[in-house]
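Shown next as structure tokens: one chain only, the form predicted on its own.
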Amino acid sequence: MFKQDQLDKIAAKKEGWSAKLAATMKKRPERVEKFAVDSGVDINTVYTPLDLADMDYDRDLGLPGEYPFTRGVQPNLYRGRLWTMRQYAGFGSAEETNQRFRYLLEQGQTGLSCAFDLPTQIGYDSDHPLAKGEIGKVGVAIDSLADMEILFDQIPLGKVSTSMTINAPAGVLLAMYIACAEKQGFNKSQINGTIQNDVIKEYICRGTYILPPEPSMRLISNIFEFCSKEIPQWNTISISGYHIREAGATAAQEIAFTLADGIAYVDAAIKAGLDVDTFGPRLSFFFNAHLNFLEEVAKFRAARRVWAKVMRERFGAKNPRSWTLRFHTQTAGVSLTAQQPMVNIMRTAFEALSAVLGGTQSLHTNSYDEALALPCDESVMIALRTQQVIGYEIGVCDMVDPLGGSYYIESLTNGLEKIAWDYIEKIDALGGAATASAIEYMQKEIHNSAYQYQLAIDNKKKTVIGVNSFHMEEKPPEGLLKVDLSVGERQEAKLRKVKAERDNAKVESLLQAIREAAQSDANLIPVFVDAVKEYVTLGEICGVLRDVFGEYKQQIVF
């Protein structure tokens, strides 16, 4: 990007400047011994063209909407349309969550994002003994199509984009969503949205898995195949770095481990006989926006560049849309503090801004009270308004990639990319992200990073306001949302009614059809759709899958 004689002049100037810097530092020592981002990339005092001497504009940057997509996946990004403002919501019963969804849509939210309770996430109905005490606590309870119909009452599924944070039983929830849309009068080809459907990260760090890796990967490939034919606008997977980061990974590890998971899914689909350009354009990703503002902007840019190279060079994708890394972002839950919770509003705003400057396609902003409880209406409103201020008031959406060309941002993007490639090569050498050895390796790396991060807080090398510095007396928080403890009893009563009123002989026949399909090479999604239309429950379907495939048992890593 720069001529050698120009670089030589800058180098000579910088040598003289460095002497001045050394003299200044004797009088005014720097705050810490060494500046570095959490990923391990050192931070220089100043950046110049010398830090980008080997950069090639076309190879490393290009223009927005063109390979390698460092500067974004659309030519005009937010000048055409702002990102989807998709606040994550779900608690208690389907009725309560429906009210929250409709409230958010009335306030200007442009897409829905649904949280499911723990029993739903691991494939148990609300009447299962293991569901006791967990029904509706961290999301909405969905046992059957009857709950899905209530959840989306008066919300037209052919016109609203919905993201569902569901993984192990993703195919079953997708089937319910399809059935619900069709009951509203929409053809399934009209619906659009996303299912998370990312089971590998459950093995790595989150824990809401059901089946072993091989049948789980089969189900994911089944979804890829079904949606490519039947629901062309649906994002078939949201490959998630969010939970990897929440578990303690660095920004570079978030890039590497997320994209390594993506590589495993693409491998599995190709081995199942699918063409990469058939499903590649509908892959999507889910990233965390953490506290180190400029590192996060560089992270998003580096991730796009790595994925473009993976899809074009490793998998030979021909369709440019297969090369694009499209992603949803959520601000960092682990950055929120119970102490001085109003400070979380500022944390979330800066994290959201980093995602926008990094070119996200959709965004969720956390609510300030989430370290204490599920968000109340007031905190959700502030979180949504935070996105709207960024989008409409402060001018950062008027150009594409406004930080592109910054010596520091470009240097840091390069540094994060290099670390990510090193990790991906190690994971490849272990057999790929879906193997037990790679899962154990990633877990150990995440655990070590989490320990180092907490150690820095404990030793006050990293400042967290209200936690290890700037303390103050506080009043007990008021107005926190509390889930009604009777929600479990009400949910079980609804489930008993569904089971009593449906055609149970037909239910048994459909469960047998699922068993036979699971024991063959058939695509399971069509039989799931047939079953849920007759109010076969999530737990009943997952129970058959457990019988056929067995359950995954987590390895313990220290």
Partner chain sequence: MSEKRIRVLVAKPGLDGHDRGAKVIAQALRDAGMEVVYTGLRQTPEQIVSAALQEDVNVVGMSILSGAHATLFPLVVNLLKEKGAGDILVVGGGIIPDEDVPDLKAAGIAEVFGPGTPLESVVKYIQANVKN
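This is a predicted model, so every value here is computed, not measured. Numbering follows the first chain given and starts at 1.
From this point on, the text means the form predicted together with the partner chain, which you will not see here.
Proximity to the partner chain in the predicted complex, defined as a heavy atom within 4.5 Å, singles out one entry of 295, 417, 246, 445, which is 246. For the residues 205, 259, 179, 85, the 4.5 Å heavy atom test against the partner chain in the predicted complex is passed only by 205.
Remark: residue 451 counts among the residues lining the partner chain in the predicted complex, judged by a heavy atom distance of 4.5 Å or less. Taking non-hydrogen atoms only, residue 458 approaches the partner chain to within 4.5 angstroms in the predicted complex. Within this chain, residue 272 is remote from the site of the partner chain in the predicted complex, having no heavy atom within 4.5 Å. In the predicted complex, the partner chain lies farther than 4.5 Å from every heavy atom of residue 4. Stretch-level contact check against the partner chain in the predicted complex with heavy atoms at 4.5 Å: of 132-140, 101-109, 383-391, 217-225, the positive one is 132-140.
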